[in-house]
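Next comes just one chain, in structure tokens: the form predicted on its own.
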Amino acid sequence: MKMSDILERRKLTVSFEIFPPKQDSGFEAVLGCVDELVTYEPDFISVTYGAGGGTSANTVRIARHIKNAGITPLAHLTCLSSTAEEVRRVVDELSAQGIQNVLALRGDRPKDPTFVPPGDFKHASDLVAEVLRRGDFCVGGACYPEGHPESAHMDSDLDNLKKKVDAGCSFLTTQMFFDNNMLYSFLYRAQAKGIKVPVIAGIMPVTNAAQIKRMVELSNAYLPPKILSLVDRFGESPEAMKQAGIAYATEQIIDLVSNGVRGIHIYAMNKSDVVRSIMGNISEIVRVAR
């Protein structure tokens, strides 16, 4: 089923994101995680993509497993480190497997200062158009509630986001954020820019203190005092930090659903136990809101 159909028929969608293993030896464990996530009856499960051939080969395999389990898969695809030929090969493989949904992303710049992009796709909007040219896909894109880290200011970031939507994005998924007011403000500004497609809120449970620095680098996310105090108080105790992070993510989700946000996307990080706890906390809320 296409994402556009799911988002149209549901009052609230709940979904998860997983990533392929870095080594083939971890492949079965990821499939086991998928099988548990399926039991929570998500509206879709997304699978990230390893740029430059890293874990990209497994993205299609895992998406196929999700599809065979009766859940809609959303396959990520990045373009900054890929040639046009590589992108087209993956898109054609997705099409051959009957996978209809793609999240088109530029991808993060490698840390290697000598890296030179192939140059076939400079922006995610270029990738959106290419995917749509090659098959009957529903294509989504990413958005940054607090602005892309490389953008000079929010207004220019929204202009670029509008280009992605105009190129054919049917929906958007946010990068992580930890202050819901940042999302509400972003949604208002996006509407003012003429961005009318559904926006799904990406929630990252902070289950260990080491995540924080990398999260901020990737998402430009503001860390409110409440979450900083959690890390300060419980960061040295892994189980306490996990419990606190799950509670914080639960509070975020309840507030979002209460205020009419229609899509919740939990970054599972292949930790089915964390998803299990969150879903246990919100099961009746989800049932009523759907």
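Numbering starts at 1 and runs along the sequence shown. Here the structure is a predicted model, which is why all the values come from computation and not from measurement.
Missing here is the form predicted together with flavin-adenine dinucleotide (FAD); even so, the following discussion is about that form.
When flavin-adenine dinucleotide (FAD) is considered in the predicted bound form, Tyr49 lines it closely, a heavy atom lying within 4.5 Å. In the predicted bound form, Thr72 stays away from flavin-adenine dinucleotide (FAD), with no heavy atom inside 4.5 Å. The closest non-hydrogen atom of Thr173 lies within 4.5 Å of flavin-adenine dinucleotide (FAD) in the predicted bound form. Looking at Phe137, you'd find every heavy atom of it more than 4.5 angstroms from flavin-adenine dinucleotide (FAD) in the predicted bound form. Contact annotation: flavin-adenine dinucleotide (FAD) lies within 4.5 Å of heavy atoms from the stretch 151 to 159 in the predicted bound form, the single such stretch among 180 to 188, 88 to 96, 151 to 159, 129 to 137. Only one of Val206, Ala167, Val199, Ala142 lies close to flavin-adenine dinucleotide (FAD) in the predicted bound form, with a heavy atom inside 4.5 Å, and it is Ala142.
Along 252 to 268, a non-hydrogen atom within 4.5 Å of flavin-adenine dinucleotide (FAD) in the predicted bound form is carried only by Tyr267.
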